[in-house]
Structure formats: C-alpha cells, structure tokens
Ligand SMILES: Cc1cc2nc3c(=O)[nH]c(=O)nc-3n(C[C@H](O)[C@H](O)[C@H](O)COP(=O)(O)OP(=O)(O)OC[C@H]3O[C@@H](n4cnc5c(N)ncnc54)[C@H](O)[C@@H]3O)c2cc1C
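Let's start with one chain on its own, the form predicted alone, as structure tokens.
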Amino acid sequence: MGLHSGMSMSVDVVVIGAGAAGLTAAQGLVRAGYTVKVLDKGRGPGGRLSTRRGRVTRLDHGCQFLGDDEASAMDDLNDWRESGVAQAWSPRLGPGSGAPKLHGSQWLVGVPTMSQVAKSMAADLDVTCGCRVGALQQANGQWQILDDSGVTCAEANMVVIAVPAPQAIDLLEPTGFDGLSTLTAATYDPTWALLLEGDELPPLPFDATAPADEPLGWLAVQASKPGRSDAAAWVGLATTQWSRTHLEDEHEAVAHELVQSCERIVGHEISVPATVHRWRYSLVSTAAGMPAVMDARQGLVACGDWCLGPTVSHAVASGRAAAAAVIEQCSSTA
C-alpha cells in the first residue's frame, strides 16, 4: 500500500474514499485489470473501521464488530477469518443489557484491531492517505482530482466517489452529476465515541453492555476482544438521540457528560483522562435504496453504505456494485 503524495501518472479509475466501499470497489477493478488509485483524507484506510491510538494501546472507536447480517458478505467474513484478519468475539454481556442482536450467529472483530480488516483490503492497492479531495474538474477528456489546496493529485478516465453522501454531494454537485437527488435521499445518525484507558479503570463483570436510559448506549472492554493488549481500556458509544442533541457541543463538555454516564453504568468513579471522537456520519438512518449511483455520460459513480444500509456488509455490497458499473460502462464503450 503506497502512502505518498504529489502528482502521479494518469490511471483508469480514481477511487475517493478508503473505507469498506471504496476499497471493495478498488479491489474489484484491479482484479478486472484496471489501473486504480485510491485517495483518502485520513491517516490510514478504514473509515469507521479505523482505530485511535491511545497512550498505551489502540482502541476501536468506530465499528465495534462485524456480523453476517448480509448474505452477500459471508465470503468476505469467511476470508477475513480464515486469513487471521478477523476472529470471533463472544463478549460477556451486562445483565439486563439491551445489547444489539445479530441477524446471524457471528460477531467478528479485526485482529489486532478493527483497522486490520481495512489494511488487509488495501494491501495490494495504490492508496494515498492524507489527501483531502476538494474538487473534480475535466481537462483533456479526463478527470482531474484536486486536493483542498487546488493541487492536482491524480488524473483518471473515471472516478468512484465512496464517501458519506453529504460529502459526495459537495464534490459532485458542481459537476452536474446526474443522480444527486438519490444522494440527497440518504440520511445519517451521528455518534459520539468515548475512549478511556488507564490502570485505574476497575475490572468489570461484563465485556460489553448496551444500557437503557443513558447517554452511553454501548460500553465495551477493549481487552476482551481477541488479539488486543491487556491494557485497561474501554470504548463507549453514545446513543443516536444524545449524539444528535449534542452534535455541536465542545469536546470537553461531551467528555464530561459521557464519563458521568459511564460512572453510573459501572458504579465506580472514573479518574482516568477521557478522549472523545465525533462521527458526524456514523450510521445510515435512511438508505438511498440503490447499490450505486452512476452518471455514465460523465464517468462518475457514487457508492457507500448510504446506498443500502448502515453496516460494513452494506458498504461492501455497494463497492461491488460500483466496480461492476464501471466495468460494464467501459465494456459498452470499448
């Protein structure tokens, strides 16, 4: 996986976004023989599969587990498990917990962190991280992809945009993209994440819990997941309602409220420093209802979990659809 910056030679397809959808699309296109470059604004691939480096360990502050909720994802889940990228997690659930129910029978987590799944997907791809795409423009029959400073960072015949729908709209609206109305139909719920680590954290009689009537709707012990450090570390996720109400609050105020919620849940005072992270586009609440959206005339395709639903499986299915759309379009014009 190449992590570099600067102008590069033209490729067949540029994929914007190195989350599950973008990486899946890129994999499918590379397997079909296309030259592909993936651009992402983050420090590494993954999107909500990424992890946060704490003081002594890494914490899964986004996606908490992978489930076989979509039949189309079973091959991917099996591949990840067989390759050792993911392992089963069977947490002890807190008593009376409203912990999420899976449609299937598996909880899988990336090993040693959730980001390992994304890293494995990106291993054989040309991925440039730290590139925040600011605009798309056409020149000499190709798409130029400009970063937020106006510098051309890639050129391609076709572009796949695999980012949250609101961000995709910002990029696509100036192009006159045919399909904007579909993107605007997708909506998201935000999530505030709470990260705690330190030897002062008390041992808990559960590995994960989803309490009712608390700002925190999920609390998990990081060390209970396979392949993790034994360091004392917890990850909490606020409920959708609380996160929406406090979306624009200062980080310090959010941390204070969520720590108090955590104290009520575990029945102990929490004295370790708290870090919070805001996922503005966390979970798809209303999907667009299409696997991918393509403007064949311009050679632009938009995909992501917002197309089909909130899970990684939905993102993977959308990425596959985007790759298939590109391949079909190129075949029809060859």
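Start at 1 and count along the sequence shown; that's the residue number. Since this is a predicted model, take the numbers as computed values, not measurements.
Heads up, the form predicted together with the ligand isn't pictured, but that's what we're talking about next.
Original post:
Closest heavy atom of Q27 to the ligand in the predicted bound form, within 4.5 Å or not?
Top reply: Outside the cut-off, so no.
**OP:** Give a yes or no for P211: in the predicted bound form, does one of its heavy atoms lie within 4.5 Å of a heavy atom belonging to the ligand?
**Re:** So P211 does not count as contacting the ligand.
Original post:
With a 4.5 Å heavy atom cut-off, would you call C63 a contact of the ligand in the predicted bound form?
Top reply: Although the ligand is absent here, C63 would touch it in the predicted bound form, with heavy atoms inside 4.5 Å.
Original post:
With the cut-off set at 4.5 Å between non-hydrogen atoms, does A162 touch the ligand in the predicted bound form?
Top reply: Result yes; A162 sits at the interface with the ligand in the predicted bound form.
Original post:
Quick one: of L171, C262, A233, A122, which gets a non-hydrogen atom within 4.5 angstroms of the ligand in the predicted bound form?
Top reply: Flagged contact: L171.
**OP:** Work out which of V276, M294, L39, V36 lies within 4.5 Å of the ligand in the predicted bound form, going by heavy atoms.
**Re:** Looking at the other structure, the residue within range turns out to be L39.
Subject >> Interface segment, criterion being heavy atoms within 4.5 Å of the ligand in the predicted bound form, picked from 264 to 272, 285 to 293, 298 to 306, 51 to 59 >> reply: Within 4.5 Å of the partner lies stretch 298 to 306.
Subject >> Within 4.5 Å of the ligand in the predicted bound form: residues from 221 to 242 (heavy atom criterion) >> reply: Residue within 4.5 Å: L237, and no other.
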